[in-house]
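One chain is shown next in structure tokens, namely the form predicted alone.
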Amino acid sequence: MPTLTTDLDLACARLKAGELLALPTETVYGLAADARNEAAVAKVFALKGRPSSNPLIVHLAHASQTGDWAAEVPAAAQRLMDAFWPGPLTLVLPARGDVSRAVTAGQNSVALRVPAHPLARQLLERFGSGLVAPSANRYMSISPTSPAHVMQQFADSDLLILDGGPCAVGLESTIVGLLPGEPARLLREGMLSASQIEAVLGEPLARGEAGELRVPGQHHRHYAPGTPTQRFQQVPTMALQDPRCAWLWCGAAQPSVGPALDLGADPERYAQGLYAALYELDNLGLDRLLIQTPPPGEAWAAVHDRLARASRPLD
């Protein structure tokens, strides 16, 4: 079974030996491996059950390491790094020729970020190079935001988990593409909003399809509980009397026979608690999980994206 530790030397030694480590970040826990070691990277794909066509994000200790991975760092990327790193922003840049195409899923672009979690930064500093760290869960299941979630996902493994407590942001990073000949493009919603990024860029972000470019977290079903999950706007009142139905509310909870959690109507607090709430309700083994749809607006964009991939609308 997995083991918890706060020993950075042990964690670093595991990574240098080509083994995997569950790493805390401010977004979610990642399944970390040496990004320069193709055998270690292959272990990440194997343990997660992740297809090799899905690229990985390389995590760095400092923005100054970007040139070790990116063939070109445009001025727009430098402005975003200065403004938001360390933090929950991933930049997709042209990849150097010596970057493993196992990491980039065969593409000539590489996704990079500098996480803000203090333990992650200390470990990356000691390690001295980049770590891939996709979410520490089985492919397409709920992302982990605590060591307990990682232990549940990989209960049958000997994975070492660096215990950094609960994640402060709770949703995966915003991804922005900055590739030659292309406009700056929002590739994945995160809690760092498009308007915050546009204010630094001084221009609007492109949206929508990005040609053949693949980035993490874009499968139509992702972040999903095992319990059949649906979203609603109008409360299905008959289901309130069903003890086999669990509820996740957004500040407007109604009394129900089945278990319920209310994450409130503040988008940052909701995002921080979302995956933990999904784990708690999913573990009950009930027949249905009903999620109240949060309000519209940019502050909720990342939450809407994750809920859309984790569930389907209530008919």
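Residue indices: 1-based, along the sequence shown. All of these numbers come straight from a predicted model, not from anything done at the bench.
Just so you know, the form predicted together with threonylcarbamoyladenylate (TXA) exists too; it's not on screen, but the next bit is about it.
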Among the candidate stretches 148 to 156, 74 to 82, 165 to 173, 235 to 243, which one is within 4.5 Å of threonylcarbamoyladenylate (TXA) in the predicted bound form when only heavy atoms are counted? 165 to 173
Contact check for Tyr29, Leu56 and Arg188 against threonylcarbamoyladenylate (TXA) in the predicted bound form, heavy atom at 4.5 Å: yes
Answer yes if any heavy atom of Arg121 is within 4.5 Å of a heavy atom of threonylcarbamoyladenylate (TXA) in the predicted bound form; otherwise answer no. no
Give a yes/no on whether His117 approaches threonylcarbamoyladenylate (TXA) to within 4.5 Å in the predicted bound form, heavy atoms considered. no
Looking in the predicted bound form, any heavy atom of Ile142 within 4.5 Å of threonylcarbamoyladenylate (TXA)? no
Can you tell me if Gly130 lies within 4.5 angstroms of threonylcarbamoyladenylate (TXA) in the predicted bound form, counting non-hydrogen atoms only? no
Could you check which residue among Gln107, Ser193, Ser100, Thr229 gets a heavy atom within 4.5 Å of threonylcarbamoyladenylate (TXA) in the predicted bound form? Gln107
Which listed residue (Arg288, Arg50, Lys43, Arg36) meets the criterion of a heavy atom within 4.5 Å of threonylcarbamoyladenylate (TXA) in the predicted bound form? Arg50
Taking threonylcarbamoyladenylate (TXA) in the predicted bound form, which residues of 285 to 299 have any heavy atom within 4.5 Å of it? none
